[in-house]
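Listed next as structure tokens is one chain, alone, in the form predicted alone.
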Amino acid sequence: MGVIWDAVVEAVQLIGSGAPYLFEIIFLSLRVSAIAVGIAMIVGIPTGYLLGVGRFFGRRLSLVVVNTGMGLPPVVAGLIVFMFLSRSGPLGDLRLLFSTPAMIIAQVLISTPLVTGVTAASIASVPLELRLQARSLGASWWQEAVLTIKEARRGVMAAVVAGFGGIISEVGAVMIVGGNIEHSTRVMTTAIVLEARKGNFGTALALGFILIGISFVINGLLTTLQQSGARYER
């Protein structure tokens, strides 16, 4: 317990000191994850909608692929991106390996199936009668989609929370494609691994507590948005 308490104290001291190194890796972690989950939303929500309401050949297989992707190990995602971006890979000429964009790509690969899968399940739970009524009132395809997503908004927000949670704390993928380069690609999780490897377990644990605190605050805000309309639904 003494080590844990010391780590909590060190975490508070690190934040209070305003150490540039600490805030550099915090901001990079948030920037990479925010961009990645934003892209995952752009891709995953429309795709989840189509899988949720569509009745087309290959839909079941598509859902199986998405659900399998939800369990994709981050290390595997990192290896896939690494092979594509390496010099011998098909995208090697872009020279993105060991860069922030490479980390974003890896996190998009992890978070998109999460956003898509949870969105699809949420959309599928919306009563068919709602969409049929919208059509009978002359709603366009776009208006019907917006209405359906609005009805399933709490589930869609849960998809965003799941997507963000799946990447803010992952380390394998960003370590492989980012390289944990100081002042360039070092984020909170890779900094924790580095400190642990150096034997600085107290500092590693302190950084871990800071990361947990950041995740708690962000997920708290997302959950508040998710639940904001609950009182009007009763």
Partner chain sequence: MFYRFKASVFWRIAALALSIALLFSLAACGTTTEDTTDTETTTTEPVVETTKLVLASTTSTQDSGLFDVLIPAFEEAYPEYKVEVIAVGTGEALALGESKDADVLLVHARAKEDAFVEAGFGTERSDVMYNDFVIVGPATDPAGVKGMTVAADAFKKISEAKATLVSRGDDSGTHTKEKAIWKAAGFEPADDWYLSAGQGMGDVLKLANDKLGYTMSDRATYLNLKDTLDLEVLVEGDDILFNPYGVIPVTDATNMEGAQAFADWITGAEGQAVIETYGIEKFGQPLFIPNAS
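Residue numbers count along the first chain shown, from 1. Since this is a predicted model, take the numbers as computed values, not measurements.
Missing here is the form predicted in complex with its partner chain; even so, the following discussion is about that form.
Just one listed stretch, out of 109-117, 136-144, 159-167, 79-87, contacts its partner chain in the predicted complex at the 4.5 Å heavy atom level, and that stretch is 79-87. Interface membership of G179, defined by any non-hydrogen atom within 4.5 Å of its partner chain in the predicted complex, is confirmed.
At a distance threshold of 4.5 angstroms between non-hydrogen atoms, F27 is out of contact with its partner chain in the predicted complex. Using a 4.5 angstroms limit between non-hydrogen atoms, M175 touches its partner chain in the predicted complex. At the 4.5 Å threshold, heavy atoms of G58 stay clear of its partner chain in the predicted complex, well away from it. Heavy atoms closer than or equal to 4.5 Å to its partner chain in the predicted complex belong, across 182-218, to the residues E182, R186, L194, A196, R197, K198, G199, F201, ordered by sequence position.
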